[in-house]
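Heads up, the chain below is alone and in the form predicted alone; it's given as structure tokens.
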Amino acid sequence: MNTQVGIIGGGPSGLCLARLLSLAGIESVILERQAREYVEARIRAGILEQGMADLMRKAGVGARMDKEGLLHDGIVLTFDGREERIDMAALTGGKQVMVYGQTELTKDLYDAVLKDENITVVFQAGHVHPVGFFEGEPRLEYVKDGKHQVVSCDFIAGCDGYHGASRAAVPRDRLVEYERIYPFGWLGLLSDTPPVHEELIYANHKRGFALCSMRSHTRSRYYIQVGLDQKVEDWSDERFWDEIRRRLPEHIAGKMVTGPSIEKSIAPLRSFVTEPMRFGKMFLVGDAAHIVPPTGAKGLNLAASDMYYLSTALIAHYKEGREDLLDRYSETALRRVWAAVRFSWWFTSIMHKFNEDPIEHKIQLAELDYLMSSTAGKTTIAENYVGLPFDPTFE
């Protein structure tokens, strides 16, 4: 099989990238290790920055998102019994975020991609291995139905996540990896219950962090900070609901509607960055190159800027014969990556319990008190949360 761009990974990054390229007449082949049903059923984040929402519209798949998604102007921080609102729209010149579950976003993308004549999707492609990308002859080798297959392409886009084949194929002496492991995880619960508040609530509490989020007006997503030694089976629904209410101000906890969980899982937190993000004819996108704690809602949104830069560079290559944007991809993408890593680390550091030292919690409360009393402090949170702009010189 021959194509212009070989894409590893059929999640939102790979799908959206393929659509952006297709609209410019560029063909691609997507290799996905799982079946479509498995990919669409994965429970992931649901906060879209303006940049990601705009890319969905640009890709021609934003209609349902715009109809069913929930636009948010602000977020709420609770600490020391207080409830403080960050008015993101007022502080950033009208910018908002969109609450729209990644599960729904993925379904929208597949509905469009599988009808697109420029895109071929191979599901259940096993043992994917990119080769020849340093030598200028990139190929994707894989196994399908017990048979060895090869996709020859001009470029490879590794959109296959942290554990994927793309980064693993790079010799260790050709990259540098930066990593920080946090001493806790997030226990998340999804339920068909109305959200406790119309906006997201981020809670700093002496018992640990909590987050009240939602997927719709009738479906809620809640998280609590737990130790890395905790197991999902140790947490009954009753125990979860009891614990999250303890971490919220009484007037908020009293309004919480509880119900049976649809899904529960524990996600460890880490900061991770690979440099560079280009290796010859192969480019890393999204979680294949970087991971951030979910506190700042930057995971998929950070992949959005990668998709924007790479699609722009590839279109310039095919339509204008330009190489300059491909050459600038890694440097430009990493600048925004590190900005998001910094914000996610900082926001995590002031909202979570790292140890039993009471002075640390008092310092967090003092910092939060200062931030909420300062327009500059609230603006810093708002600007980073709605998403820093893409580099306007990248065109």
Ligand code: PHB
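Residue indices: 1-based, along the sequence shown. All of these numbers come straight from a predicted model, not from anything done at the bench.
What comes next is about the form predicted in complex with this ligand, which does not appear here.
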### Message
Please tell me whether any heavy atom belonging to residue 274 falls inside 4.5 Å of a heavy atom of this ligand, as the geometry stands in the predicted complex.
### Response
no
### Query
in the predicted complex, does residue 195 have a heavy atom within 4.5 Å of this ligand?
no
### Query
Does this ligand come within 4.5 Å of any heavy atom of residue 221 in the predicted complex?
yes
### Heavy atom of residue 138 within 4.5 Å of this ligand in the predicted complex
no
### Task
Select, from the options 289-297, 111-119, 227-235, 311-319, the stretch whose residues sit within 4.5 angstroms of this ligand in the predicted complex by heavy atom distance.
289-297
## Note on the structure
Assert contact residue (this ligand, in the predicted complex, non-hydrogen atom within 4.5 Å, options 211, 86, 248, 151) equals 211
### Task
Have a look at 203, 244, 156, 200 for me and say which one sits with a heavy atom within 4.5 Å of this ligand in the predicted complex.
200
### Task
Within 4.5 Å of this ligand in the predicted complex, which residues of 172-192 have a heavy atom? Give them in sequence order, or say none.
186
